[in-house]
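Single chain ahead, by itself, as structure tokens, in the form predicted on its own.
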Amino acid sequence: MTNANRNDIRNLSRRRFLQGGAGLTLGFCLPAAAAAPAAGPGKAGEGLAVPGAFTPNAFVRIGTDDTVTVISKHLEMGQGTYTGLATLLAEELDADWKTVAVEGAPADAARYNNLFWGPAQGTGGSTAMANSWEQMRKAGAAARAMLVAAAARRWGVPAAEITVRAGWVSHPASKRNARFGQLAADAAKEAVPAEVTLKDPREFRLIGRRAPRRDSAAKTDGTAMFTLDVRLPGMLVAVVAHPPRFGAKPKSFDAGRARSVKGVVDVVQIPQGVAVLARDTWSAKKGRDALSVTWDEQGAFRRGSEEILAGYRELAKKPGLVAGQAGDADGAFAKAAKLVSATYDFPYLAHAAMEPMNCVVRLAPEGLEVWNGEQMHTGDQHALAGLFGLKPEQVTIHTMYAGGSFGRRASKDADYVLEAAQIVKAIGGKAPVKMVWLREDDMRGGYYRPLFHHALEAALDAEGKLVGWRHRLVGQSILAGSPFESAMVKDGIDVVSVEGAANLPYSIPNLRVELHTPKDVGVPVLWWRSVGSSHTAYSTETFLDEVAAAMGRDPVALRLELLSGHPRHAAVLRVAAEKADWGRPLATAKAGDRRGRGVAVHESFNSFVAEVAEVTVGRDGGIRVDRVVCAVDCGTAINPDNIRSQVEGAVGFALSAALHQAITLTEGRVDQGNFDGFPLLRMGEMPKVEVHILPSEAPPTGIGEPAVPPLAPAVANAISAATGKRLRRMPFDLSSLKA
């Protein structure tokens, strides 16, 4: 970002980024550091380099004022990424945590690719810490080595005699010391070490301990910059009229009344709707309300959600594509002494992030400039370049804070970002545009967790042992038609449709998992927090409880027996059960109330979570989740406090869906528009949550999503323990629980 660009953004100086002063900027990549091309006007990476500094693949900048600025290649959307990545780097640098600041990296896959995704930059799949674990530590260690080399050269002492602690470089023998900032200019002249030695975990001072979040202060005092805070000279705000049905297109429109609204400047058609541009959001919204649009609905989707579900149920009666199998499932069922079966229905779900979609786009002679809570840097950069006939490096993306995502900002086709750019293109680039989606825009015309139907069967032999398992799933593919399809859809099987089902950890000798993927449903679908596991964990974990009941077995004991080959699953299950006092009677409920305890365990994103829920069910069928005990194995705990926060948030998020949420369609139109029809969990409904983090020396794995899948099945199993009734449709039908 040029200085002129910085001055364009009102109050940008409030952002707590290091803006000046020569210093040390270090880049580090795997397997080795390499020189990066100089960034010219409008090119990605501009603004990171400091004259005379070392700049390839920059992850850290040390200023003369002692500020250590960590460059985060991953989006901060509330999940703690900025704090986690900064912790990794600051640990090996031996920085003073109070001096550490973080800023978002621009779109530049050559420098900032997600190491698990190949040459692509982005945040998703709970991969931020896992893919950066060594990369950020090596960047910090290399910077530390250069500071030590600079001090050794200045003081004329052996580098081996120098120590570093909390932002100070010292030579104890001569009692000389210097702050990082005092050595930054000299350190920039040192050679980047080809190899670095990382700390033994026993030496960690930051990793594994609580460190205050780096984004909390700015978000508390209002100085944090979100896309909605961006103000550019001459900028217009756009609100778009979208078609009421998916697949419809604008046929014609009358902008007369819209143009008469005070503040409205222009009305333009774009491929997916009609945009009203105004001086402010409210005027744009009023202009859109006054707009008259005729829609071409020849290709529109017109079915309702119940019709879709009825079709899914019919499909589930037929064999599907085999997604996973072991032994001879059909043979086991043919010889079974007892069969257990159940079906489950899961609705469409909206992401409903606190901050709806928005994006700022400015077209300039040298290229395109974008401000966004950017989650899929490379995909969006290439899509925007294609729209304007530019090279990807001519599209500069400034990564802002994002007010949540839960998968929504990880758009597989750059939908809302392209929409903002299409508006700029439609007005000939004459003004920067801030495109704003209101809550109703995203809830009625966004993307959704797919609706799914599951059918499960279990076979018990004459001795009451579980010998067979069949699981058939029906639902839309998220990956179909996306850039990820070729790598993640194999032989017609979308791996995210069946994750958590096709890789069931339980030792069942005969198993088959099948999938139907309807291609005639025109509802846009996208990953939603925990993706396929958001429905597979529920069906498998509640069904296993039904099987345990049919076998006369304790649900925890049966799981432990079946998890003999999966020690990490078993370990979290044991801890959760122990901490929840599994097997001991719950406190007596008041007259008319019924109490129960339920359990679920699930692996997702290479992390393992077990949850035990305690519930109270009233005579009227109302439920209260009193307590949730969670045990988590996510490898090395970088910041235990943040892990607890993520688990607590996941419990609330998942409980919202279990109790309240569904997106329904009537004749192709989404029925819900805001939180009145798609409620979030109220504070009074939030249970007490206890989080137990298992110690581990394994590399860190995901934590943003893995605590979502076990919550709903644990609660459902607890309700069943209390009432004897099984809940096979979400959100829960509480009327069925009346005494």
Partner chain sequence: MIELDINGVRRRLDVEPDTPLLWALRDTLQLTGTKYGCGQALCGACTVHVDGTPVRACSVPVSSVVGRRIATIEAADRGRIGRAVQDAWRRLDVVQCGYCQSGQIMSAIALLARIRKPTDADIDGAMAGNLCRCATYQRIRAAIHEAARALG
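Just so it is clear, the structure is predicted and the values come from calculations on it, not from any experiment. Numbering follows the first chain given and starts at 1.
Heads up, the form predicted together with its partner chain isn't pictured, but that's what we're talking about next.
Taken together, the three residues Asp215, Lys219 and Ser645 all come within 4.5 Å of its partner chain in the predicted bound form, as judged by their closest heavy atom. The stretch among 200 to 208, 277 to 285, 142 to 150, 185 to 193 whose residues place heavy atoms within 4.5 Å of its partner chain in the predicted bound form is 277 to 285.
Of the candidates Asn510, Ser656, Asn177, Asn113, Ser656 is the one whose heavy atoms come within 4.5 Å of its partner chain in the predicted bound form; the others do not. Only one of Glu440, Asp330, Glu561, Asp254 lies close to its partner chain in the predicted bound form, with a heavy atom inside 4.5 Å, and it is Glu440.
The closest heavy atom approach of Arg259 to its partner chain in the predicted bound form falls outside 4.5 Å. Of the heavy atoms in Ala352, some are within 4.5 Å of its partner chain in the predicted bound form.
Shown alone here, Asp676 lies within 4.5 Å of its partner chain in the predicted bound form, counting heavy atoms only. At the 4.5 Å threshold, heavy atoms of Pro250 stay clear of its partner chain in the predicted bound form, well away from it. Using a 4.5 Å cut-off on any heavy atom, the residues of 674 to 688 that reach its partner chain in the predicted bound form are, in sequence order, Asn674, Phe675, Asp676, Phe678, Leu680, Leu681, Arg682, Met683, Gly684, Met686, Pro687, Lys688.
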